[in-house]
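Just the one chain here, the form predicted alone, laid out as structure tokens.
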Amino acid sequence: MRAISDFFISRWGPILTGLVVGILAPILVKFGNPGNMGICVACFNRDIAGALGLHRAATVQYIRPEIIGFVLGALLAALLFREFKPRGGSSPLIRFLLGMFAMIGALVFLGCPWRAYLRLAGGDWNAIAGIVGLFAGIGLGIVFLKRGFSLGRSRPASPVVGWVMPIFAVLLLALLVAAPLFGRDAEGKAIGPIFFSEKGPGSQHAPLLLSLGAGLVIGFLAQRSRFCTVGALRDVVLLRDSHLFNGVLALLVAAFLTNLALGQFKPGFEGQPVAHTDALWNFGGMVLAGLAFTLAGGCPGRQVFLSGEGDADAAIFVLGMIVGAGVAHTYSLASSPAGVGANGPAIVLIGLVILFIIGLTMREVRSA
């Protein structure tokens, strides 16, 4: 067990995780997931929000088994290696807000950092502006970190705190399988409380067992290797450490080669799946998301994995993302393949102002 643990914390751990993600994501597309969206932590949480009725965008409603697998896979790894440590109390309200703005920024771009790289590996050149924006947002976050930004320390918590997200994941799986229909619309048709898209990206999904299995494998590997697409660049800049960034490069190369092998590499700007061509707001949305992820301490995938190992602060961030998805689709903030949402540009600017204030004012409070 010690040898396995040492392998994952070596430079090969993130590389293996990146390779697995880069291979599995295009395979999930081949078996039914939306194009260039084999895995997108933001989009999949957005779909879960829709399935739970937090927004009524009919094309993006589905309980994604991959997210369930992420949580449970991370839980399994944490339990096996004695790293399940319930904790919390590090500025939960601010983390919730950061989660909301991270999701809103990602939905202006139409993807999280994971999907930005997967879109690029599939030939979507619109992702370039988003990745540049992501790097810019992380860079801004690093400036705040150097100035002493801190959300404060987490503290040990009751075991029940650590089990909230795993239990929530199991509940989601039960709702996905049972698909209860308790409500009635005006015509008497059975609806809700769980909603599933009949067309659009939400209706496109790989078989449940394949999706859940992929999520479990990735969750297990990522928990052990500390895989993080945002922490990768942060560590390169702050620590001159490419340990995590090697994993991102492995993801990109593996996804590109797998897409080529499956005939899914289709280069260009126009007609890309679930994407728009507005470079300015592809850039701007990811600046907002990258800054929020950096201030929160990790990319959306990393936050989900941490929630599976008992971190209530990460769980609060994930819940903020889910609520943020509901807000984005209710108030026309999210983009679509037709273009940027009517209020998307305004919320990016407002969000950046709010995050700048948080970045400049948050310091760890020390008791006397």
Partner chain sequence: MTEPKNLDVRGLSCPEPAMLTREALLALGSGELIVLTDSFTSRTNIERTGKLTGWKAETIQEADGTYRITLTK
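Numbering follows the first chain given and starts at 1. What you see is a predicted model; the values in this text were computed from it and never measured.
As for the form predicted together with the partner chain, it is not shown, yet the points below apply to it.
Partner proximity in the model of the complex, defined as non-hydrogen atoms within 4.5 angstroms of the partner chain, places exactly one of 55-63, 22-30, 319-327, 296-304 at the interface: 296-304. For the marked spot (205, 260 and 337), a heavy atom within 4.5 Å of the partner chain in the model of the complex is absent from each of the three residues.
Interface residue among 192, 152, 200, 139, judged by heavy atoms within 4.5 Å of the partner chain in the model of the complex: 152. Using a 4.5 Å cutoff between non-hydrogen atoms, residue 226 counts as a contact of the partner chain in the model of the complex. Shown alone here, residue 276 lies farther than 4.5 Å from the partner chain in the model of the complex, counting heavy atoms only. The closest non-hydrogen atom of residue 85 lies within 4.5 Å of the partner chain in the model of the complex.
Using a 4.5 angstroms threshold between heavy atoms, residue 174 stays clear of the partner chain in the model of the complex.
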